[in-house]
Each structure stands twice: as C-alpha cells, then as structure tokens.
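As structure tokens, one chain now follows by itself in the form predicted on its own.
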C-alpha cells in the first residue's frame, strides 16, 4: 500500500530524508520555512510555511492526505508539531514536545540521566542565577563546559580550558539572557555520534559518525552547526573499538527504557574518554550532517521502519551498505560570525560527479542558486574506505569552487584520522 508522507523541515538533513524516501512507494510532500530546491524536486508538493506553527503544519498535512509524517528539525519538535499531528490522526515519527525535552532542555536531560541511572553522565549542576553560576566556576576544581539549557543551534556551548578562560566564561554568562544554564565537568577525548531509530520500546542503531563543529581546519575557530562528518565501512570509527561502540549503544538502550513510549530518532553524542564513553548530549532528531552519512548507506527501506512504528510492529533490523562516507559542508564566507550571502552556487546534482549533493539553506532564483547566511550545501562521498570517500567529496568541492564559500578540506583526511587515533591511544595509556 502506498503511503503519503509529509516531511517537516528544509535543511540538509531533510534533503537526506527526502532522498531515502524517494526510493520507497510514497507520495512525498514537504513543508519548511525555506524552499530547499533538492527537496522540492523530489516532492509531489512543497509548501513554504513556519514549521513551528502547529496549525499550519496540520492543515497542510490534512490538505495532502498525509498518512505519515517525519519531523526533521528540533524547533518544530519543541513547538509540539508531533503532538498536533498525532492529535489529528496523522502518525508523526518524532517525539512529542515533552519527550523532546531530552534535547530541548539540557538541565532536564542531565537530571533525567541522574534520576534513571543512565550511564555516562558527567558531574553537573544547573543554575538559574548567573552570579551563582559564576561562583561555581570560581570554586570548581577543574575545567567546566558552560551549556545554555535551551536550544542554541549547536553554537551556545563554551568550554573552559579549550574555547574560553574562567573569566571569559563568567563574562559570557553575565552578558547572556539565558534563564538557566548547566555547568558540567569538561570531557576530554574524542567525540562521536550514534543515532537510533526508536518506536514501540525498541531501538535500531546506525553506524558511528564523527562531526566537526569548529569552523576552521585543525579544529580551530568558533563552533558551527557542523562543518562535516565521516563514518567508516563498519559500525565503529577508526579510533574506536567494538566495545566502545557497544558501550554507547548500552547508554541509548538505558535511555529508551527510561523514556515513556518514545518515538523518532534518539541521537547520542558521546565522548570517548580515558574513563570510557560519556554523554555530551542527546538530540531528539537526526543529526545534520550525520543524517547525510547514515541515510545514503541504509539498505533497509526507511518507509518500512515508519510503517512498523505506526502499526505497533517490531521494527525491521537495519542493514547498511559496507561503505565509508565523508560529508563536507560548504558555507558562506564569514560563517558563522559574519556570513556573506549572495554567492552563486556552481555545483549541481548533475555535475557533482560520484558525490551526492545535499542542499541546506540556499536561495533559488530564476538564474540559479545562491548562498544565504547559513550553511549552503553538503557533498557526500561513498567509498570502500574513508580515504576513497574523502577523495570523491573533494572532487565535488573542486566543482563548487571557493568563490564566496568556505569549507574544511581536512575532514576525512588521513592526517586528521591519525590525530584522532593517536589522541585516543594517549588517553588509553
């Protein structure tokens, strides 16, 4: 039976979801605040609307006769779009607003972990008084990560001893308008992500991915929404053991067991430390860019997962093509602090070579596609090895050119991977 699926969101992550659904027996409709040309070309209909407006989203879902919905970004989840769709009788693969607090409220997230004994929780305290938080920084023996409790698009965290000094962290807090912050022990190690598809008290896990938040090569510069990522041909990454991967999965299993009928994606961002796997944070949706590593190698029909979730059936086992992936984002010059919009995008799905092109935030005009002030597009290479995939991604970036764009060419390179491997070896010793 054919399904009519509504996709909520218009970024690179949603383009990846649209692409994998395009291989299924679906009529696909999409809505977003921006018109993503890649999604629009795959969809039977595309409506530009504010995706945190639950009435508008439900109205469009009913208009197109949606039988399923996939909510991509965190904003609509926090606004209760999944709740509203479910109330209207349209099964939404995405947590309700209360369950999405596992991402949208970092203070709740940490208290949840402590209350339910979820492993991998760092030492932490929460504050709604910024002066009290500053005093905690003065008194704490060690470095801290300063995290606003709410959503900040991946750019709000400041790490003492890495990005800022004690004094700069206190100035950041005093100058902010945050209602609550979490201060937690700084985790030192290598970051990685494992994403799980969750429904009916079951979870199905995907290969580990490493994202790169810093804007500039060598992991320098300000944090971004993510400049690119890579995965290996197996489940774990080159700096990890099989045991490390399973330790992360055990954290996800304990979290799902403690949640009440969670549905959607549970994304665990982990730090592999000298003391094992620790949780940096959870997200309630696919990562962006991590979805662009995971979904192109998913051999199981994603629609089968959605239908099984809706019907209350066992989720199908996930299988993945044994391919490594490297994703590299192109962003406007000056991103993220002072981005310059308006550069013409020269790469297209037709001239990207062996790479897959995913559009993110771009402006499609009569004479072509142009950058905005957010991340513009990503190219993804698939290969027998990370080196092969990296070469394919670089070939695509050479088509895009450097004019008006910035990208990190070091993601997925042998030198960067070796630094990761050496770092973990040092930690283990």
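Given the structure is predicted, the values throughout are model-derived calculations rather than measurements. Numbering follows the first chain given and starts at 1.
The same protein also exists as the form predicted together with adenosine monophosphate; that form is not shown, yet it is the one meant from here on.
Taking 235, 318, 257, 159 one by one, only a single residue has any non-hydrogen atom within 4.5 Å of adenosine monophosphate in the model of the complex, and it is 159.
Scanning 104, 223, 96, 126 against adenosine monophosphate in the model of the complex with a 4.5 Å heavy atom cut-off leaves one residue, 223. Only one of 320 to 328, 111 to 119, 279 to 287, 348 to 356 lies within 4.5 Å of adenosine monophosphate in the model of the complex by heavy atoms, and it is 279 to 287. In the model of the complex, residue 149 stays away from adenosine monophosphate, with no heavy atom inside 4.5 Å.
Taking non-hydrogen atoms only, residue 184 approaches adenosine monophosphate to within 4.5 angstroms in the model of the complex. Contact annotation: residue 340 falls outside 4.5 Å of adenosine monophosphate in the model of the complex, judged by heavy atom distances.
In the model of the complex, adenosine monophosphate stays beyond 4.5 Å of every heavy atom belonging to residue 246. The candidate spot formed by 6, 69 and 83 is out of contact with adenosine monophosphate in the model of the complex: none of the three has a heavy atom within 4.5 Å. In the model of the complex, adenosine monophosphate lies within 4.5 angstroms of at least one heavy atom of each of the following residues of 258 to 275: 269, 271, in sequence order.
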